[in-house]
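To begin, one chain is listed below as structure tokens, in the form predicted alone.
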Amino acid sequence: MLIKLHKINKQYGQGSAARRVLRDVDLAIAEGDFAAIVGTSGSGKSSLLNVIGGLDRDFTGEAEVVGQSLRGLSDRALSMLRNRSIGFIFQQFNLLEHLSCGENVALPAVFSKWDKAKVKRRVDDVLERVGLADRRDHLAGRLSGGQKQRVAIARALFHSPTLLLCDEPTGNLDTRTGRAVIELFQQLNDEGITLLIVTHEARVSDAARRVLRIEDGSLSEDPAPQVGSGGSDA
């Protein structure tokens, strides 16, 4: 399993002011899965994603991601795991708008030993992959929302991650642009990348192979879609 969680609990605050946001969460995500985590605002979706991504270590229970126990990793080892194996995509894009698209995509190489020629080749490769090869030298601040999210996806793909963690990746996009981003996610999943997406949008969860539902910090899984009897399943 690419992700294995056992009895994950998370709370904010202490004593009578404590608010428990994750309750005995168990989760297994296999390599190649495409899973969506759905739930209302404040249900614990983003908190769970932060635990899986190693962005929040203040929890109890056991979390294993890409074959490594997060509990046993040093800060440096955890940073290396995130940089090499996990790509992050957020609703707010998190681009440096005064930099070009290519410079934003190359940010993961800052702490690598790659030479400039190798970095440039990889930037060109991933920008072409998301359909923005012709925007390499354009300032990120001058792009549309959909283009910014594609640059963010290209950046997340820079080190060929095994796992993509996405927090409301279509939340700031219109219907048409959001659909294009979802189709790109499906293509990446078909190529073997594992996706775990936090969303409140049905258009995203409908595209996933699995739907995980979180309510008051407790996780459950929706039944797999049933193929209708007596007809085509095309």
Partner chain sequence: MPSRLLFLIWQNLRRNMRHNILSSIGIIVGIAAFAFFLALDAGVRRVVLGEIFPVDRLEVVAPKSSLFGSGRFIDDAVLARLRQPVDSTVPAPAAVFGRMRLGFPARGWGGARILKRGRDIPFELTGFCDGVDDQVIAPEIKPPFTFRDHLADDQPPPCAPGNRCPEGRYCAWDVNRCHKPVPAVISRHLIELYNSSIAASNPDLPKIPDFLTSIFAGKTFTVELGRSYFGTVVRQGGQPIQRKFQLVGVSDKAIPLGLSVPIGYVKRWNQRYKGGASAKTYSSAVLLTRSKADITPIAAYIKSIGFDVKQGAGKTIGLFITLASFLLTLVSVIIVFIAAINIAHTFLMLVSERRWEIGLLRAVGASRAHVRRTVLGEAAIIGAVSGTVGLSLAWVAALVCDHFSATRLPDFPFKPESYFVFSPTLIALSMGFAIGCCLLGALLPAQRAAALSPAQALGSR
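Numbering follows the first chain given and starts at 1. Everything numeric here is computed off the predicted structure, so don't read it as measured data.
Although not depicted, the form predicted together with the partner chain is the subject of the following passage.
- Partner contacts here mean any heavy atom within 4.5 Å of the partner chain in the predicted bound form, and among 33-41, 54-62, 183-191, 204-212 they occur only in 54-62.
- In the predicted bound form, at least one heavy atom of L99 sits within 4.5 Å of the partner chain.
- In the predicted bound form, the partner chain stays beyond 4.5 Å of every heavy atom belonging to S160.
- Taking the partner from the other structure, the partner chain in the predicted bound form has a heavy atom within 4.5 Å of a heavy atom of V119.
- Proximity of N83 to the partner chain in the predicted bound form falls within the 4.5 Å heavy atom cutoff.
- The listed set A133, A109, L143, L73 contains one residue whose heavy atoms approach the partner chain in the predicted bound form to within 4.5 Å, identified as A109.
- Heavy atoms closer than or equal to 4.5 Å to the partner chain in the predicted bound form belong, across 80-104, to the residues R82, N83, F88, F90, Q92, N94, L95, L96, H98, L99, E103, ordered by sequence position.
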